[in-house]
Structures are given as C-alpha cells and as structure tokens.
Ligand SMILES: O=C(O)[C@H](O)COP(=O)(O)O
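Only one chain is included here, represented as structure tokens and corresponding to the form predicted alone.
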C-alpha cells in the first residue's frame, strides 16, 4: 500500500513538472521567490547590533527533557514485534519556513522592524491557509521570533495540522517561569510541540524608519536612498540594522540551536520574518550577498526543505493539503501522510 501511494505521488510530481531542476523562479501568489543556487560558503558570527527587547517575551532554549522524535512519529509508527529492538531513527528531517501573515502595519504600509504589531484579519487567514498547506508534514519543534505576529502565525498554522498536537511556548527566562509552566502528564507531553521564541529571529531593526509610512519616507529621503536602505546587503537605515547584520544573528542562531535539532532527526518549523528568513535561506541555498537582495518572500507562504545527509534540499511550497506531489519528495513523508490517513479512517 505504501509503495503504491508513493509511486502515485511520484507520478503527480512528474506530470506537474516538479522534478525538473529549473531552480531559479517559483511564482507564489502575487510575488515570486527567486533562489539562485551558485556556490557560496557563509560563515557568520553573532551580531553586536541586534534588536533585542529584554522586557518582553524573552524565552530561553528548550529543556533537555523534551522527548526526541524523528520524521516518523512514534505514535504513528507500526508496532514493533520485538520490544527489545530499538526503533530506527530516520536519517532525514523536514524544515518548514513561514513568513508571518500580514500585520496591521503591513496593511498601513509602515516600516515595522522590531515593533511588536499583531496580525490583521487577512494575516490570520494567511496563517490558517499556511497551516493547511503543511497539515500532512511532521512537526516536532517550532521556533519563532520574539514578536507576536510570528508567534500568532505559528500557533494558528498548527490548528490546521492533522496530527492535532498542541504547540506549547517554553518559558525558560527564570526559575519561577520554568516551575510554573511545568507539565505533569507524560501523555500530555507526548501530544505537545515545544515552541522556542528568540529575539535573534526577529525582523531586522529599521532604526529611525520604524513607524514611518514607506511612501512618505521615499518622498522625504528620495526613492533611491530608501531603496538602498531596504534592499542593499550592507547599508543600514539610520541607527538600524543592515541585512548583513540581521544575517549575523539569525544564521548564528540557526546553526547553533536549530541545525542540531535537524541533525538529531527532529522536524522543525520556523515562523519568522522577511529578512531573518532571507538570511537563513541565504545560508541554506548558499546564495551570495548580491543574490539574496533580490529574494522576495510573500507573507503566509510556507517553504519546505528536506535535511538529509548534512544537506538542505529545497522543495518549494506545498500548494494544498490534498496535493500528492510534495509528500512524495521523500518516501518518509509519503508514509507519514499514509499513517495520518489511516488514523482518520
């Protein structure tokens, strides 16, 4: 049965042209994601200038006690006849990247940066739609920025997941926070997904532009100057961060905290922002500083990568939960979806 499902899905991929190595452009709604694949090795350190709000939602790293899971959910795996035989861990993991849905300041065309602004009604709908697109892809851990629009997007997306696990924000900023948020049921822990929030995944800090209308700013400073602030790699806005500075903190955090989880076989979702995600994609796809400045990410559109044998393989964006193609990118994803179908039926 699994083999039949897998080969049918492969056929869907081939018929729709998903297996062609075109690589450069993928149209998404009213925008496009441009991902050139030239070789480039990026080695970044930790930024000294980053937007770190110490007074709000400052969460620490996950506790070691969180249960380890791999691409094949142990709850969904076939029973092992030999109880003494350890379950084999998958050698691959899924990585989902989602830019937050439309925020209230996106709607007003204002520079937002690190200002903590919630989603609009449309943003809520985008987050829910994103959740539908990834509803058959396993998620074991979630990372978000410290900003509410990214956290809302992650939580709303997970309401659509067929596995029905509950995302739980890990509060690790103090001993009291750890004690008061403790869960005492092992069964409940197994049905939960830890959510780690970090300011290092925040949008880049736009400095003195934050809160200004983008059109009025262009009229005041000139279109060329504002374009340079927004789209150059290493030129920051007044008292703000450049994309290079944002990349220093975001990529360092990804390499130090998230990549080890993928290496252990965990499936990870990151809900963050246009510039922090562009920085991470620059690292994943080995883009140059010139290639990354033309990369555009639409709000609320998930992107799937497969991490296998130390490499990140970009698989684009799932179109819908009923799409067969994306789940045949690996046999493991096809089997995971089949198990979800069996649970429902």
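What you are looking at is a predicted structure, and each value in this text was computed from that prediction instead of being measured. Residue numbers count along the first chain shown, from 1.
This next part talks about the form predicted together with the named molecule, which is not shown.
Within 4.5 Å of the named molecule in the model of the complex, a heavy atom is found for not a single one of 143, 202 and 254. Site annotation in the model of the complex: the residue of 242, 198, 106, 135 reaching within 4.5 Å of the named molecule with a heavy atom is 106.
With the partner omitted here, the residue from 110, 93, 139, 158 that has a non-hydrogen atom within 4.5 angstroms of the named molecule in the model of the complex is 110. Annotated contact segment (heavy atom within 4.5 Å of the named molecule in the model of the complex): 230 to 238, selected among 123 to 131, 230 to 238, 189 to 197, 258 to 266.
Interface membership of residue 99, defined by any non-hydrogen atom within 4.5 Å of the named molecule in the model of the complex, is confirmed. The closest heavy atom approach of residue 171 to the named molecule in the model of the complex falls outside 4.5 Å. Using a 4.5 Å cutoff between non-hydrogen atoms, residue 214 counts as a contact of the named molecule in the model of the complex. Contacts between 273 to 306 and the named molecule, taken as any heavy atom within 4.5 Å in the model of the complex, involve only 275.
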